[in-house]
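The chain below stands alone and is given as structure tokens, in the form predicted alone.
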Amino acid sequence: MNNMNKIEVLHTLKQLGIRPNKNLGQNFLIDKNTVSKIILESKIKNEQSILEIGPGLGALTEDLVKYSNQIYAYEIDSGLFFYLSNKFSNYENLKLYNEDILKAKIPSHDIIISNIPYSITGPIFEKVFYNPHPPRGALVIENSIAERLFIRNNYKSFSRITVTFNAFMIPVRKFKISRFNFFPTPKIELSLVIVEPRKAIDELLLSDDGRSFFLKFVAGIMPYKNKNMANAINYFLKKDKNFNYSRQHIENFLHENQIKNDKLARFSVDEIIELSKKFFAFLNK
């Protein structure tokens, strides 16, 4: 049955002998209006290929197969995978995978449309978006994370994910989604976010080494966003035994590259990207 409600979801799960697994982030969509909202905001074109992560019982998949010539759906739960395989056996435009999305080699795709497992949002972002050719996205995620994607010069919301995500993507729109539209009801507030790839991704992020350094560097300095940049970099270097630079070395580097030694939280995303690029070159001289 299309767009299952709570009673139908409970009945189907009972028939399958499946209990929602919190560790797998299994919160099943039970509201057809939410499905319609996701589809509408996705602006799918027929020729575009779609990635869906965690289709569950296929509430969203049922509509996706109507709008695209090619859908790749990854379901880690074997019971749900076999259920979906039977349910969509007549659809040649749907390719199902019984794999962990974080370990899978994902086919090229144009847009990701998913109610993703909320506990692995960061790793999914890195897997799907942090590369030279990221797709568009329409994702239901935790609202507190959605808030941090949008840059509003707000110290509290400026975080590691703000910098890394905006280095590759542009958050376009955000809509609150009721958590009661899912079963089991998650304890967190949710949002639908629409995101697009940046038109130009910095050259540092186009190479594996540069991208790896950038993600490590941002993760290392952002816990110290209330410190000035020299201190933040100093703390980052102290945690890596491969580097042996004094605070004076860092201050000289900033001065020579005309980078202000201001509080980290006052830097823009693009300034942090540029700093990362220059510091990467400095460490590899």
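Since we're looking at a predicted model, the values are computed, not measured. Quick note: we count residues from 1 along the sequence shown, nothing fancier.
The form predicted in complex with S-adenosyl-L-homocysteine exists for this protein as well; it is not shown, and the discussion that follows is about that form.
Participant: Heavy atom within 4.5 Å of S-adenosyl-L-homocysteine in the model of the complex: which of V218, L51, A232, L29?
Facilitator: Selected option: L29.
Participant: Just one of I112, V163, L80, V195 has a heavy atom within 4.5 Å of S-adenosyl-L-homocysteine in the model of the complex. Which one?
Facilitator: The residue in contact is L80.
Participant: Assess the spot marked by L24, P55 and I76: is S-adenosyl-L-homocysteine within 4.5 Å of a heavy atom from every one of these residues in the model of the complex?
Facilitator: Yes, the whole trio is in contact, each within 4.5 Å by some heavy atom.
Participant: Just checking whether P117 would be counted as a contact of S-adenosyl-L-homocysteine in the model of the complex - the rule being heavy atoms within 4.5 angstroms.
Facilitator: Contact check for P117: yes, within 4.5 Å of S-adenosyl-L-homocysteine in the model of the complex.
Participant: When the contact criterion is heavy atoms within 4.5 Å, does D100 count as touching S-adenosyl-L-homocysteine in the model of the complex?
Facilitator: So D100 counts as contacting S-adenosyl-L-homocysteine.
Participant: Would you mind picking out the stretch of 253-261, 57-65, 240-248, 222-230 that comes within 4.5 angstroms of S-adenosyl-L-homocysteine in the model of the complex, counting non-hydrogen atoms?
Facilitator: One stretch meets the cut-off, namely 57-65.
Participant: For the stretch 167-187, I need every residue with any heavy atom inside 4.5 Å of S-adenosyl-L-homocysteine in the model of the complex, listed N to C.
Facilitator: Result: empty, none.
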